[in-house]
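Read the single chain below, which is given as structure tokens and is the form predicted alone.
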Amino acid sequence: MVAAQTVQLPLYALFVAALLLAGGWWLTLRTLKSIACGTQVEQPERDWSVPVIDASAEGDSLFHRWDVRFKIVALLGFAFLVVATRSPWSALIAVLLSLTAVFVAKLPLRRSLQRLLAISGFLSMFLLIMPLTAVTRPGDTLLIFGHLDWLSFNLRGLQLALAIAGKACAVALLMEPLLATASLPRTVEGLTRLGVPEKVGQMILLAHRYIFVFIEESRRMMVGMQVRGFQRRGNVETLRVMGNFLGMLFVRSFERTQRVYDAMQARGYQGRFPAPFYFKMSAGDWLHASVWLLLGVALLLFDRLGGC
């Protein structure tokens, strides 16, 4: 059994490495943000109460024409196989495959980059903490800076962090072709056809629709409080006002929920939504699903047997 190897480096190397890593990460985030903002097209103000998770559902691409049931099974199966990999190189290949799916689906790159920006803070903590906290195992390489023996940088921990970050980016990018290439009701209906309880599907639709309404309601209430002179402070009065704010928001949400339910019953709701979507499988659906699942299996075999 090979013992862990220790590489002694001067203390200034720690500061140089920290500056390089911080600068590289900041430059990457700035580049992603500039690309996301640069590709944004000026659009008229939209209705805040209508979510846009499926804004590209009317497009025409391979993913748009794909039966939603096969698409859910294939892409989620591919995502699970990606998560099962261990190597950073396998994660990089998965990211490239997910980016390819985004381009094939003819989706705006801005939304995909915004997904990566949303998880960048969480992933950066992995890249910082895991190399410093990974348990030392035989064969590991530890970097020791100066005489700080208690601060060892485990290269295996860095590889694990890179693999986790890569897999998270790959799965996040894959959600755009999965969710944005069909309307949300059609996607939920596909889940129901695959065995998900119908009540769960109804809860997803209603929650996705009205969470934006409640967010806008809370924003309006907060604006009203600020107009009346409310300012957040670290005192008991602020806690009392915020408690009243949350209580009033809960009451308004409950009242709106009751009104929505009454309106649904007035329109003939009897425990289920109408399902106007008719699914018809074809040989192409089977072929596309098989290709994505085979890609996932091949990636997993490459990770396990490729010696990466």
Partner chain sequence: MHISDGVLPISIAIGCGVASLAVAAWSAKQTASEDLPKVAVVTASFFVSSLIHVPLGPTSVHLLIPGLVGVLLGRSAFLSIIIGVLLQSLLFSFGGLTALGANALMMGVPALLCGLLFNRLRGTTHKQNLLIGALAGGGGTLLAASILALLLVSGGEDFVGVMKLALLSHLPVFVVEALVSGFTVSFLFRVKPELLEQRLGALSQG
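What you see is a predicted model, and the numbers here were worked out from it, not measured in a lab. Positions refer to the first chain, counted from 1.
Another form, the form predicted in complex with the partner chain, is not on view; read the next lines as being about it.
The partner chain is not drawn, but in the model of the complex it has no heavy atom within 4.5 Å of S282. Under a 4.5 angstroms non-hydrogen atom cutoff, the partner chain in the model of the complex lacks R220 among its neighbouring residues. The shortest heavy atom separation between R30 and the partner chain in the model of the complex exceeds 4.5 Å.
Looking at A207, you'd find a heavy atom of it within 4.5 angstroms of the partner chain in the model of the complex. Using a 4.5 Å cut-off to the partner chain in the model of the complex, each of R115, T133 and M248 places a heavy atom inside that distance.
When you look in the model of the complex, the only residue of L151, L76, L92, L155 with a non-hydrogen atom within 4.5 Å of the partner chain is L76.
None of G234, G139, G195, G224 but one reaches within 4.5 angstroms of the partner chain in the model of the complex through a heavy atom, and that residue is G234. In the model of the complex, L160, I164, K167, A168, V171, A172, M175 are the residues of 160-175 with at least one heavy atom within 4.5 Å of the partner chain, listed from first to last.
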